[in-house]
Every structure is written in structure tokens, then in C-alpha cells.
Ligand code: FA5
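We begin with a single chain expressed as C-alpha cells, specifically the form predicted on its own.
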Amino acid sequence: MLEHLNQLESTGLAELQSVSDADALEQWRIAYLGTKGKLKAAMPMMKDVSKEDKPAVGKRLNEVKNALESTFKDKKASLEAAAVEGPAIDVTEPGLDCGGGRRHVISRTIDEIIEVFARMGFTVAYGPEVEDEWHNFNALNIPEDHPAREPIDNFYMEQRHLMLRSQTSTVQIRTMEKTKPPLKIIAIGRVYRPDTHDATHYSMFHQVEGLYVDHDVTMVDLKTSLFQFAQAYFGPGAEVRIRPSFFPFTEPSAEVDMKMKVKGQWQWIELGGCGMVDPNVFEAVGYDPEEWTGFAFGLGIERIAMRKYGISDIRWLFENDARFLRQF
């Protein structure tokens, strides 16, 4: 029995010494320390040991058990430490070229739009993305029963009067509330609508809203501003046309189309809406509609970027695929 225990110890420790990974260590544990392992199998042999030898054999059995378990724990700790440290790093080896970073195509488009309108005298205004119904609807002459206020078309908070803004026109209202006319601003930012995601729709997108308030502002001023933007941004061949439409916050109202190159051919593309600011909007912010007139327009920034850079699916702009973003 003592010879068997000595052999078990020496063989077990030798095999444990050669273990080099966690899988092999687990196999060793099962073979020697498991419920059906060699150490457990040696214990029933004690019944065949004579009464005089039992104390010595029992002591040796405990020594072998402690030696195997202690060495197993040390080996396990050593392998775990090596796994955390990982392979050695050769600091003299040249690094991999990760390439230069660049701004997202939407951020670049926003910067370009701001730069164009700045040359026309527009300053940039910002406002909160979480809005109240007053700034998002009431002050913009959108009545309580208007379909645009339905929950199916907006992201309302638990407090019914708060929501994620559905348009950057809210910034125009906030600016007019605290600024006396004349003023000439563009508002740029994210807006939210629960649209089903497809190639041309997304539940979060960006808008640029323009507002110009002064004496004797007319539709001619509006079309001239949009025409100058189109030619400055899309090139000398770009044109603007406006088609009659309806919006609660402008009167008269129109849709904005811009003629731009799509796959090498000039096409008319709808980019947003525009019109003369409705007198009710002026009254809501304390402006005298008998003294002041103004125009407003709203353009979709994703639409502008997609047309300028030939992007056919709006979802690509938000997937953060570096292979796609490196193209711009």
C-alpha cells in the first residue's frame, strides 16, 4: 500500500508538471482528484492494510492527498496568471497603421451647411431636444386636434406634455421669445419621429431650419436665399423651385425642390418645406405681425448628404460601418 501511494504521488506530480493549459489541467484533476479518480480509488484499499500498519498508511495517504491538491492549486493559479498577462509584446516591432480619422459624413454636411448660410448672414441657434407641446405645437399654430399631434407620430414622455421634438422649428420659437427682431438664424439639430426604418426613413434624423424676420420680407427673399444656398452647396447648375403646399406655421406655404446631380443626371429632389411665417406664430412670441414679416424653411440634412454623396440608404449613415464611412 505504501509503495502504491508513493507511485501515485510521483506519477501525479510528474504529469502535473507537464500540464501547459487549462484543458489539460482539468483532465488531470478528473484523473487524480475527481470522484472516480486515482486518489479516491486508493482509499478503499485501506481495508486490506493490517491493523498495525493502518496509522502509517493513513498518514501517508493524507500526505499524498495534500501534496496533489496543493500542487494542483499552485498550477491552476500559475496558468490563470499567464492567461491574464497574455503573450509577451515586442516593443521594437513596428506598429500597425490604423489610418487617419475623419468626421462623420453627417457632421461634415452640417459644417458645410453652416458655412454656406453664415456667408448669407445667418447665425446658428440651438435648443433642447426634449420639448413641451407649447413650443413643438401650440406656438407653431398647430391646433389641439391636428393629426400631427397624435402619439403615433411623436415620441411622448410619461409626462404627456413633454416629448422628443419632432422639428427644429421649436428653436425658432425659443429664439423669438427672447430676441427682439430683426433676426436671421438657422437652427440645426436632431429631431425624432416614430417612422419605420427603410431606405429613406429613420426615427431620428437632422434638420436645418432657417428663419429671417425683418421689415418687408417677402417670398422673393425666401427663394433668393434658397437659390443662393443651392448654387453654393451643389454647384452652379443647381436650381430651386417651390410648389404650393400647406403648413400650419407658414402662410403661404410651399415645398422646396432642388435640382441636383443624381448618378450623373440632374433631377428635381424634394428637400423640405418653406413659407412666410404665419401671423399667429408672431403673436404667440410677442411680435407685432403688422410691423414684422418673415420667412422660414426646413431642410432634411440626411437628404442633402445622401444626394450630394450618392448614398441610397439612410440606414447606412447610422450603422457605424467603417468601410462605408471611409468613402467620404
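Residues carry their position along the shown sequence, with the first being 1. By rigid core we mean the largest C-alpha set that fits within 1.5 Å across both forms. Because the structure is predicted, anything quoted here is derived from the model rather than measured.
Although not depicted, the form predicted in complex with this ligand is the subject of the following passage.
The chain is drawn here without this ligand; in the model of the complex, the stretch among 243-251, 103-111, 182-190, 118-126 whose residues come within 4.5 Å of it by any heavy atom is 243-251. Taking non-hydrogen atoms only, residue 80 never approaches this ligand to within 4.5 angstroms in the model of the complex. Using a 4.5 angstroms limit between non-hydrogen atoms, residue 296 touches this ligand in the model of the complex.
Taking non-hydrogen atoms only, residue 279 never approaches this ligand to within 4.5 angstroms in the model of the complex.
Proximity of residue 270 to this ligand in the model of the complex: non-hydrogen atoms within 4.5 Å are present. In the model of the complex, no residue of the candidate spot (133, 139 and 212) has a heavy atom lying within 4.5 Å of this ligand. Taking a 4.5 Å heavy atom cutoff to this ligand in the model of the complex, the contact residue among 177, 74, 150, 195 is 195. Of the residues given (261, 60, 29, 303), 303 alone sits with a heavy atom within 4.5 Å of this ligand in the model of the complex. Annotation for 133-159: no interface residues with this ligand in the model of the complex [heavy atom within 4.5 Å]. Superposed on the core, the two forms barely differ at residue 276: its CA moves less than 2 Å between the shown form and the other one.
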